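Single chain ahead, by itself, as structure tokens, in the form predicted on its own.
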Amino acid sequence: MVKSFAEILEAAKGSEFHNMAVADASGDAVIGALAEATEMGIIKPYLVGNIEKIQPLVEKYELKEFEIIEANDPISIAAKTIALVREGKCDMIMKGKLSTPILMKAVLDKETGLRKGKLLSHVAILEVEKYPKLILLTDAGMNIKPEINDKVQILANAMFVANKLGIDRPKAVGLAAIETVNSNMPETMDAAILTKMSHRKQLGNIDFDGPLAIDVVLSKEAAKTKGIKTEMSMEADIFLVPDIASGNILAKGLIYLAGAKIGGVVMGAKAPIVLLSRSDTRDTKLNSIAIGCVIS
């Protein structure tokens, strides 16, 4: 089982080589991360965007193995990025400086996109010093307020990633503010339903428990004090959040207050999509590229 980003980077080196389509590669952190990834021998990037903006960065970071596909407006950049995957030239996508809505609109296009008929969801992977394993946090990037059926697919996407990281039977928690079911808090009802579905093997090879507050998940002492019996304290692999807001707040709080390392991908399309925030560092981008390589 992979337990750190150092191990993910090593696993990426041993994985199959990948061609990555990069949507608007005209960013320092983007090209810097791609240069490191190519030095590792894990990808060849296809840089989609304005040549005059990309070329100086290629020279600055001494990127050696690459191709540039010229496109000078956001719609064209998105279309050409998606086409590289649809035509079989690339098997991964990375969002550069292109806005997320424009890229995802192209991905979800019914005629020319990359839909597989499944829900797309974001899986963020976090390495936190005080937690004994990697945290797969979902969904903090795609689905704003998922309903119960959406959460089933979100869990399936996260379970796929977990399996690729060597976790054969992941443990998942449905996070909430309390451990009791409350009709005024829909996430508690959803978590209770998912727990019953897990007991009846309707979610596949996964153990699920919820609703659980975050203190119970992160502290066995808190669980004992509150009288909550669960196998998830300091053991959960997948953290299912109620909505995109709570997931975003939790992830960024761990990054900025606890120094967490992070990377992430969007699952459910015909190719993994490395979807990054504008504020993400070069290391975060490299982590995300490595995740894409390991799970492809």
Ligand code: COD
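Because the structure is a prediction, the values reported are computed rather than measured. Numbering starts at 1 and follows the sequence shown.
The following text describes the form predicted in complex with dephospho coenzyme A (COD), which does not appear among the structures shown.
Novice: Is residue 197 close enough to dephospho coenzyme A (COD) in the model of the complex to count, meaning some heavy atom within 4.5 Å?
Specialist: Residue-level check for residue 197: no, no contact with dephospho coenzyme A (COD).
Novice: With the cut-off set at 4.5 Å between non-hydrogen atoms, does residue 163 touch dephospho coenzyme A (COD) in the model of the complex?
Specialist: Judged by the heavy-atom cut-off of 4.5 Å, residue 163 is well away from dephospho coenzyme A (COD) in the model of the complex.
Novice: Is there a heavy atom of residue 120 lying 4.5 Å or less from a heavy atom of dephospho coenzyme A (COD) in the model of the complex?
Specialist: So residue 120 counts as contacting dephospho coenzyme A (COD).
Novice: Can you check whether residue 222 is within 4.5 Å of dephospho coenzyme A (COD) in the model of the complex, heavy atom basis?
Specialist: Output for residue 222 is no: heavy atoms all beyond 4.5 Å of dephospho coenzyme A (COD).
Novice: Out of the stretches listed (95-103, 171-179, 82-90, 127-135), which one is close to dephospho coenzyme A (COD) in the model of the complex, meaning heavy atoms within 4.5 Å?
Specialist: Partner-contacting stretch among the options: 95-103.
Novice: Considering 217, 78, 142, 159, which brings a non-hydrogen atom within 4.5 Å of dephospho coenzyme A (COD) in the model of the complex?
Specialist: Of the candidates 217, 78, 142, 159, 142 is the one lying within 4.5 Å of dephospho coenzyme A (COD) in the model of the complex.
Novice: Taking dephospho coenzyme A (COD) in the model of the complex as the reference, which of 248, 50, 233, 38 has a non-hydrogen atom within 4.5 Å?
Specialist: After the contact test, the surviving option is 248.
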